[in-house]
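Only one chain is given next, in C-alpha cells, and it is the form predicted on its own.
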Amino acid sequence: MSSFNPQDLMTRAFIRLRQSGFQLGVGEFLAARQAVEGGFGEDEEALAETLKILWCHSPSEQSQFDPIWESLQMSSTPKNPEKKPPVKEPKLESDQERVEEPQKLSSPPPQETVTEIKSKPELASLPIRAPFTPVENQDTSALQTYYPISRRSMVYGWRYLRQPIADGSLDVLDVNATIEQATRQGFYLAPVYRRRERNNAHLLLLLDQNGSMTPFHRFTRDLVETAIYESSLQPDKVSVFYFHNVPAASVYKDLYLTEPIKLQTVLETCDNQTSILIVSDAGAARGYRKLERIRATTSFLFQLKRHSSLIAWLNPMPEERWIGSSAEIIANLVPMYQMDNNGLSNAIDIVRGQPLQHLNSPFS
C-alpha cells in the first residue's frame, strides 16, 4: 500500500513555503486542495507541478520551490491512514495551528516536527529599538536677552538728581557757626542752628509707550517706580506722562493711554529748574527714518525748551542702532544717551544742570 498522501504533503508544503517567504494565503491553500481532490496530484511529481503552477508566481519562487519540495519528500514518513485528519481541520488563522496540524495528520518522529517549529521565522527575536540617546544641549549664549540697565543702577543714579534748598525746620546744629559766634563774642552763649535741607528737584518723565517700546515696558516701569519711591526726590515732585511715538498736543496720565491731558497744561507746571527726561527709541528699534516723526519731535523739543533747558533723552536701543534712523537726527537736537549705567548718569547730569562726567555718546 502506497504511503503517498497528497493532502498531507500539500499541507506541509504550504507551511514550509510560507515559512520561506512565499506570499500564500487561504485562497491558494483552498485552490490547491480543490486541485488535489480533482485528481491533479496522483503522484508526487504531478502534485509538485500542480503546486508550482498554483503557488509560484515568479521564476525566483519556482527555483526556491524545488529544494523545499525535495526536503519534504526526504522527511516524509509512512502515514497512518486511520489518523488522516478531516478536511476541515486545517485552519490558517494562526501560524501555530498550521505547524501543529501535520503532526496530527502523519506519524513522523516527534523530533522532526520539533525541528520544523524551531525554524519558524515568526519566532525570531523582535526588532530591536535603537537606544535613546539624548541630544546634547546646544549653546544658548546667542539667545541671551538684552538687559540695558538694572533696577539697582536706577536707584543709584537717581541719588544724584538733587537741588537742595534749606527751607526745612530749624533743627540742624551748625558747629562751625557756633564756634565762630563764640569766638567773636568771647564767650559761649547758645548753639547756632540752621534749617534742614530738602531736595527741591522737580522731575518730569515723558515715556514712550506701546509699539516698538513694548519690549522695554519693564525698564520704563522700573524707572518710574525707582524715581518715585526709591530716590531722594519728593513723590509729589515727580510727574510722569506717557505718549506714543511722538508727544502731540496731548499726553496721557496712565500707561494705557486712556487719560489724555493737554501738553500745554503739563508744561505750565514746569519752570527753568524742572528736569525733563524723555525715554523713547526715537525710531531706532525698527530702523526707520521718517521725516514726519523728525519734524514732530523737533517741534515738541522746541516747545519744551521754552520752559526748561534741563532736557535729556534716554534711548533703550544701543547707539549703533541709531545710525540711519530718526534717532540719529534727533540726537543732534537734544542730548541723547542709551539706557545703560553711563547713559543714565549722563542724562541725570544734564537734567540737574551739571557738567557731564561720562562722555561716551558719539552724538553728544
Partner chain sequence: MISTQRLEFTGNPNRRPENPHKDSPTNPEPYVVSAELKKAVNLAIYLRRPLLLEGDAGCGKTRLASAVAYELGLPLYRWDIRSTTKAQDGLYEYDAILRLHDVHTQKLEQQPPAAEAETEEEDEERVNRNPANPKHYRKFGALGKAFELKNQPAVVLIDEIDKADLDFPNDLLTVLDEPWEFKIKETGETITATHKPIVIITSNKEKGNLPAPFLRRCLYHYLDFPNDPKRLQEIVEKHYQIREEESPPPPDLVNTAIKRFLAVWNEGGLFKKPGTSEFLDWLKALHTFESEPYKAAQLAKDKLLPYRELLFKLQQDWKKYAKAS
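Only the largest set of C-alpha atoms that superpose within 1.5 Å between the two forms is called the rigid core. What you see is a predicted model, and the numbers here were worked out from it, not measured in a lab. Numbering follows the first chain given and starts at 1.
Only in words, not in the display: the form predicted in complex with the partner chain, which the text now covers.
Though the partner chain is absent from this view, in the model of the complex it lies within 4.5 Å of a heavy atom of just one residue from 182, 228, 255, 155, which is 155. Just one listed stretch, out of 36 to 44, 325 to 333, 64 to 72, 294 to 302, contacts the partner chain in the model of the complex at the 4.5 Å heavy atom level, and that stretch is 36 to 44. The partner chain in the model of the complex is not approached by residue 21, whose heavy atoms all lie more than 4.5 angstroms from it.
Interface residue remark: residue 194 is not counted as part of the site for the partner chain in the model of the complex, having no heavy atom within 4.5 Å. Although the partner is absent here, residue 306 sits far enough away that none of its heavy atoms falls within 4.5 Å of the partner chain in the model of the complex. Under a 4.5 angstroms non-hydrogen atom cutoff, the partner chain in the model of the complex lacks residue 320 among its neighbouring residues. After superposing the rigid core, the Cα of residue 291 is displaced by less than 2 Å between the shown form and the other one. Superposition of the core reveals a Cα shift of less than 2 Å for residue 305 between the shown form and the other one. When the rigid core is held fixed, the Cα atom of residue 333 travels less than 2 angstroms between the shown form and the other one.
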